Ligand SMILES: Cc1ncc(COP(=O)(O)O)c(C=O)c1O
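Presented as structure tokens, the chain that follows is alone, the form predicted on its own.
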Amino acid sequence: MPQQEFNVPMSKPDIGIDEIDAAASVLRSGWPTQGRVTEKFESMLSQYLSSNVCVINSGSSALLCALVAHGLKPGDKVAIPAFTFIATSSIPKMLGAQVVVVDSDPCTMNIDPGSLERLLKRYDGGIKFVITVDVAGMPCDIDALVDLAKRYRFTLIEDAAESFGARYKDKLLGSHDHTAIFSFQIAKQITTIEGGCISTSNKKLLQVIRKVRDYGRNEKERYVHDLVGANFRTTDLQSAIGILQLKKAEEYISNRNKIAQEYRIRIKDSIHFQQVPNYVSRHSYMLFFGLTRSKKSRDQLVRHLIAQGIDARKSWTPIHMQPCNPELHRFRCSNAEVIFDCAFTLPIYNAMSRAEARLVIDAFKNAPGIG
């Protein structure tokens, strides 16, 4: 089925002649797979995040490698926010973990620390991991989650797939003590087409992650394997693109914030938005969420925007409502369910122009289902 053409798509990568030339140079080098260019990309990411970084072939693979490196075992209970993309639940399930679901904050859309603590008390020390998600690029309340991790003795992993470049209390996500994973998929703040990375303050853990990425291979003996791993390597072809994208990251995030501010000012009387708490120094707006007052009004509005050539989309189905997670249907997460009924996304991307933003804003004129 052919894709619908939109005047303003949901996302669009900013891949220019420099990225094309860099990729071509790698192809001409005779070594397009993972090598020195990837090492350079990792070094630049480590410097940017003030941490230790391992580049992986996708954000989902990054989450898998992080969980394996942290010692997740089959049967371990992993708490995950209800409102998140499916990968956050599918990866621990594939590793044999038992997923339990935490409700979301109705204002931030992120995990609700109060709901999490109630769940931790209910399971009385049985939850071994908590995966928190920075929805749309907005940081969670990291201090609150770190405090819970210390008191209830679980491993905190941050799914920052959507939040590269975001700041919590003036500190970049990925530069904190806990492990964080990022995605460089095509719609993200920087892209390697497909790809991702893991950031950790623990250098010993980084070495384990590197082994998991490469079949658990011994560093000295090519065909000796110290632990169970697989091929989660990236390529120098992708890393060459990533190096140039990283150099433009601050410009991209600045533009995303300008577009988001334009939306918030010009559409503010029509809908309401994901709230940004004081602890968020910078939202990185991989997505821009709006919310209506009901499912009916949301559906009417999305149909209207699509008819106007705007690639507006409904939100993800919460993980406890997904057909692939029947064992989670017993969970009740009322806030996440309201978000699901009322939320939608508007186009936002790295090189989005003010003219494109105005097309989106103008499409709200005489739109049904708002207010």
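Note that this is a predicted model, so its numbers are computed, not measured. Residue indices: 1-based, along the sequence shown.
The form predicted together with the ligand is left out here; the points below concern that form.
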60, 84 and 87 each touching the ligand in the model of the complex (heavy atom, 4.5 Å):
yes
Work out which of 290, 92, 165, 195 lies within 4.5 Å of the ligand in the model of the complex, going by heavy atoms.
195
Only one of 260, 173, 253, 133 has a non-hydrogen atom within 4.5 angstroms of the ligand in the model of the complex; which is it?
133
Which of 112 to 120, 72 to 80, 231 to 239, 182 to 190 lies within 4.5 Å of the ligand in the model of the complex, heavy atoms considered? The stretch 182 to 190
Wondering, does residue 157 line up within 4.5 Å of the ligand in the model of the complex on heavy atoms?
no
Would residue 161 count as touching the ligand in the model of the complex under a 4.5 Å heavy atom rule?
yes
Contacts with the ligand in the model of the complex, stretch 292 to 310 (heavy atom within 4.5 Å):
none
